[in-house]
Every structure is written in structure tokens, then in C-alpha cells.
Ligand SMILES: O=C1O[C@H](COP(=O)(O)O)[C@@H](O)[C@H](O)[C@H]1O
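Have a look below at one chain only, the form predicted alone, in C-alpha cells format.
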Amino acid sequence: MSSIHQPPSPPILYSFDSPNELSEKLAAFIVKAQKEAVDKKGRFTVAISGGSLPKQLNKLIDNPAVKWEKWQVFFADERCVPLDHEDSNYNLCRKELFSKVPIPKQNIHPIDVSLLDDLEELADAYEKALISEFAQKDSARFPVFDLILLGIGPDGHTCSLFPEHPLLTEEDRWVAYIEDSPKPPPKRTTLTFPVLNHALRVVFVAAGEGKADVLSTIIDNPEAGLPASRVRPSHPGQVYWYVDNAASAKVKYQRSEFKL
């Protein structure tokens, strides 16, 4: 049976006692995904977001199983600011993770800040960077990331895909730009749903009671249409939720026993 006709798999929800346990299990999952990707094709393609997520990747630091030279890291979304700006996701990831691990600089793919004055050009250039990485390798119409790591906002946004924004219906572009983000800074680039939904693995990470209400809506009431609910990778892709018990306190959806 063709995979095209198989519906997306239901989400897998893992809930842990503490943020520390969450980070440990998340690191183990990432290492396993890395091994599968490297064994298969010699590289590991990852997209990463900002917010609290980079800090939750701290168990990858000093982890001998991580083969940083095999990673190719892109940004699931980025704020259109200089790379050393406090709002830059690249800068946040550099401070929390990249500066503490031996990842080759050329394996990290930030936006081209020479194009900050022309967001269409900036998004096109980032799409071209993705095309050069994925074309002829792991893409048909859209790239197939080995792993996309995402957070969620209190309004249910993920990447820079905000509720009721026109970008939610984008079907063609790999990378889009936004000039009217409801959360500052207003100018951003973001991967689109077609890219998120072609990934092999998408992992949402959320911790703390501040995420409890929105997590319940995203997981238990996907028909509400919040952006994070719309991330449902096509077969054989899978979406995972790595959360702590404080964040999942109001979620009715069945938790899975953690296993790799």
C-alpha cells in the first residue's frame, strides 16, 4: 500500500516527572535518531527553534554518543535581526548549545543577515540553502528532515506560525516570511507546514505549568486548529510530545510509556 494514502500516525505523548528527566530522555531519543540517520546516509538533518528549547537540549553537551560533525542544523524559524542580537534564535542556540559542543561552524545554517532589509530575498535565500542540502538527497517536493525540534507558545503557535495567520495555508514555499508577528520582533522567517509535515520526526518540547492550558487544547482538541495541532507528519513521519507532568496536568490524551 502506498504511503501517500496512509493517514498520519497519532501523536505519541511522553510525560516525565521533572524537566531534568525530560531533557535526559530527549537526548537519548535524539542520539538514537542521529544513529539511524547516520547509519543510513552519513548525515543527520535537524531543524531547531528558539525559546526555552535550546536549554532543554543540555544533555547533548559532553555526550560522547553525539557525532556533531554529522549534524546539519537549520532553524525552524528565525527573527530577522543580526545574529548577535538578543532576539536571534541562532544566538540563543549558540549560547546554550553550539558554543559548548564541537559542531563545525559550516554545519550550522543561519539566515543571511545581509538581506535583512528584503524579507522576500531573505526567505528565498534560506529556501535555496535548504534546497542545496536536500535536493537529490532526501526530498521530493519538500525536504525530509530527520528531526525537527519545536516549542509552543501560550497561544498555540509553533515556529513563527501564529493562530489565524495567512501563513497557515501556505502550500508551496519551504520558507516563508512574516512582517506582522503578534509577538515581537515582528519580522521573522519560518518553515512552513508542508516542510514540518514531511519530516521523519517532529518533537515538541514543553515544560512547566504555564503550558498546561494550551497543551490541553493542542492535544485534546485538535479541531480547534491551533498551529501546533496542525503538525501531523505524513506517513512514515511521527510527531512526539516530550513534556513534564506540570505541563501535561490537564491533558486527557493517553500518555505512552517511554521507550526508544
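All residue numbers refer to positions in the sequence shown, first residue = 1. Quick caveat, the model's predicted, so the values are computed rather than measured.
The same protein also has a form predicted together with the ligand, omitted here; what follows describes it.
Here the marked residues D77, G153 and K183 all reach the ligand in the predicted bound form, each with a heavy atom within 4.5 angstroms. Partner proximity in the predicted bound form, defined as non-hydrogen atoms within 4.5 angstroms of the ligand, places exactly one of 125 to 133, 96 to 104, 110 to 118, 155 to 163 at the interface: 155 to 163. At a distance threshold of 4.5 angstroms between non-hydrogen atoms, G225 is out of contact with the ligand in the predicted bound form. Among residues of the shown chain, S52 is one whose heavy atoms approach the ligand to within 4.5 Å in the predicted bound form.
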